[in-house]
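Shown here is one chain on its own, the form predicted on its own, set out as structure tokens.
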Amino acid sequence: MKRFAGIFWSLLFLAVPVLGVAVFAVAPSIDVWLPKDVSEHGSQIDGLFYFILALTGVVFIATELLLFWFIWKYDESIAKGPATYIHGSHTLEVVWTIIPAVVLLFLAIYQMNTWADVKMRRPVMAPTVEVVARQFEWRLRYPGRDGQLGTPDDLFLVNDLHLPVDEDVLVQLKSMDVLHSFFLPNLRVKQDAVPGMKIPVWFKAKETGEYDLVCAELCGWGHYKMKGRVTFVTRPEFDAWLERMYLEQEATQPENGEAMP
């Protein structure tokens, strides 16, 4: 009976890496994986993700195989003598401390260029749109026909973000109340919106289409419904859409021209 229990537990530990690898292998084919990447820098971020996944995957598989081997080899039912105990090894402790530290240092250096592209090398341009997070919606403010934010002819919308494809986009991100997170999964963009701060976010889409805009930070009871959409269109289509939105807004404005706060 003890021998059967030992076999069962050893095989159970062996099943963990086998099933784990199988899940990752099958997931892309059943569309349970990363959303489609349509951004210029998305391939760099995905590359980092896959590299870290492979690195941690190897460690995970090796660890589980070692657990399986030790449970199988040192099963109580086939032990030939009493167990022996050893005290800690300072050399071993130093080694298994240094190795993870070296790996983390390598990852920190390896990702620096990608981090700089996404978070440091801001394009020299005026903001394309101001995005203001508010429980529980995304308030959008486009420059008016004068091309400047903060003037009376600005265009105001909610949850319906339109942007030009194949062009640098600079978003001025703000929050009106609590901490939110501006998340565009298909563009591999995620940035916290912090109250009292104006945070620049930039990216470039490579494909037209409509994609998700969601909040990735628990921001209150209505967090689940804080959803919008981002639509990428060609420059002529974007300009035509802006003009149509301007006309619609002007048609609904009071005579004194006051805009949405």
Partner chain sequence: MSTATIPAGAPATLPSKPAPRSRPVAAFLSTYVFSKDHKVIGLQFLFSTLLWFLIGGLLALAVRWQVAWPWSDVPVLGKLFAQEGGQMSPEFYTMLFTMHATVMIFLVIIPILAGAFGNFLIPLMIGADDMAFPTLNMLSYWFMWPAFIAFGASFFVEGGAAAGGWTSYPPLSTNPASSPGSGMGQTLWLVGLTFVGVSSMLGSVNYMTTIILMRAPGMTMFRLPMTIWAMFITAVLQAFALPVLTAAGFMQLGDRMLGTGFFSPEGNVVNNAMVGAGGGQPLLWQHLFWFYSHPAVYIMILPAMGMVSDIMTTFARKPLFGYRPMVYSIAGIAGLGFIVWGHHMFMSGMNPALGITFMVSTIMIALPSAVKTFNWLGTLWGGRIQFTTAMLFAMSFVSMFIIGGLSGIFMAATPVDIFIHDTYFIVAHFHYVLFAGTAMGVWAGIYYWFPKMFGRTMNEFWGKVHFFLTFVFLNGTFFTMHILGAVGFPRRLADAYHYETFHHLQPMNAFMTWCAIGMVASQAIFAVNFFWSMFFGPVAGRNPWNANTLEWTAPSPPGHGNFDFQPVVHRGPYEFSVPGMEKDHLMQTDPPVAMPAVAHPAMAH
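Numbering follows the first chain given and starts at 1. It should be emphasised that the depicted structure is a prediction, and the values quoted were computed from it without experimental measurement.
Below, we refer to the form predicted together with the partner chain, which is not included among the displayed structures.
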Report summary line: None of 144, 185, 164, 127 but one has a heavy atom within 4.5 Å of the partner chain in the predicted bound form; the exception is 185
Query raised in the report: Though the partner chain is not shown, can you say which of 178, 170, 158, 149 has a heavy atom within 4.5 Å of it in the predicted bound form?
Result: 178
Query raised in the report: So in the predicted bound form, does residue 246 come within 4.5 Å of the partner chain, heavy atom to heavy atom?
Result: no
**Report entry** Contact test in the predicted bound form: residue 24 vs the partner chain, heavy atoms, 4.5 Å
**Finding:** yes
Query raised in the report: Heavy atoms within 4.5 Å of the partner chain in the predicted bound form: does residue 223 have any?
Result: yes
Report task. Would you check, heavy atoms only and a 4.5 Å threshold, whether residue 9 touches the partner chain in the predicted bound form? Result -> yes
Query - Sequence-ordered list of residues in 38-67 near the partner chain in the predicted bound form, where near means a heavy atom within 4.5 Å - result: 45, 48, 49, 52, 53, 56, 59, 60, 63, 64, 66, 67
